[in-house]
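In the block that follows, a single chain appears as structure tokens, in the form predicted alone.
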């Protein structure tokens, strides 16, 4: 595998595929060489960002014909499993957008494919970019250095806009996405595990489709994607975490609020205000430190506050240094498994033992 100029192929050039291209063309030492997508308008949008790329309708043809170093997979969720398996047959590093797959079983299949392929120094990276948002990264760093003491409680609130329109509206249906708590919330479940540094034990959730997409029909089918939920995760160390999701809450100042409470203090990250608040019990309310946290001025901001740009830099560093991925297939599996457990909890109105899903 090359460690000079990294040649990229992008599979799926819809909204997120173009987001990745926008970041990659701004990074020195890499080149977007080829794209693959059967949807002509999407390819046309990608060509506006990278006019000299080779175009393919089928990613397998691109993999056969192009000499690539890295493949980015940004297809609709239900195509991830096959696209990853196809890429792993070749001598390339692989970046796959979240969620890794739409079920934990599919994630395990991909992990087994990668194990069998056994390419030395191959980097396989899952695009859980919320880790790399500036306020979130600062919060993670503060937790690691003990600013709040021993972590006891984690709460995450995402109050946001509805799902955007995608090609063929695939993101309106659970069977194509894995469900909202997999498609959207795998980001937050990944953060919960990262902050708790523990194994999930039980998952309990309540959720519904209450407001969004109720009057929409696609080929006669009604969307079944959830637009609000509460999810509680208990870890085997006693740490508890909660997600509060609403996708009809545009009228708020912050889209995401992450709070970690330990036995000695509390840390909060607010986005898009890009604020981090650090408080200690012994200093009380008046001692809370509020810090404005931004990415460096060289960062391509994009749709995720510069996080996608940062994760590509980190992946390229891992490739060049032959070091492990910071966001592994196992991380992808765990984030999907919590989401799947939450959907099962809602469907059956019960607490789900995480072992039922984790396998």
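Numbering follows the first chain given and starts at 1. Remember, predicted model here, so these are calculated numbers, not experimental data.
Beyond what is shown, the protein has a form predicted in complex with a small molecule; the following relates to that form.
Chemist: With a 4.5 Å heavy atom cut-off, would you call residue 338 a contact of the small molecule in the model of the complex?
Modeler: Although the small molecule is absent here, residue 338 would stay clear of it in the model of the complex, with no heavy atoms inside 4.5 Å.
Chemist: Whether residue 324 contacts the small molecule in the model of the complex should be assessed with a 4.5 Å heavy atom distance threshold; does it?
Modeler: So residue 324 does not count as contacting the small molecule.
Chemist: Hey, in the model of the complex, does residue 12 get a heavy atom within 4.5 angstroms of the small molecule?
Modeler: Flag for residue 12 set to yes.
Chemist: Quick one: is residue 74 in contact with the small molecule in the model of the complex, heavy atoms, 4.5 Å cut-off?
Modeler: Answer yes; at least one heavy atom of residue 74 falls within 4.5 Å of the small molecule in the model of the complex.
Chemist: Any idea which of 272-280, 76-84, 219-227, 144-152 reaches within 4.5 Å of the small molecule in the model of the complex, heavy atoms considered?
Modeler: It is 76-84 that comes within 4.5 Å of the partner.
Chemist: Which one, 292, 320, 67, 39, lies within 4.5 Å of the small molecule in the model of the complex by heavy atoms?
Modeler: Contact with the small molecule in the model of the complex is made by 39 alone.
Chemist: Suppose contact means a heavy atom within 4.5 Å; in the model of the complex, does that hold for all of 17, 59 and 129 with the small molecule?
Modeler: The answer is yes; 17, 59 and 129 each reach the small molecule.
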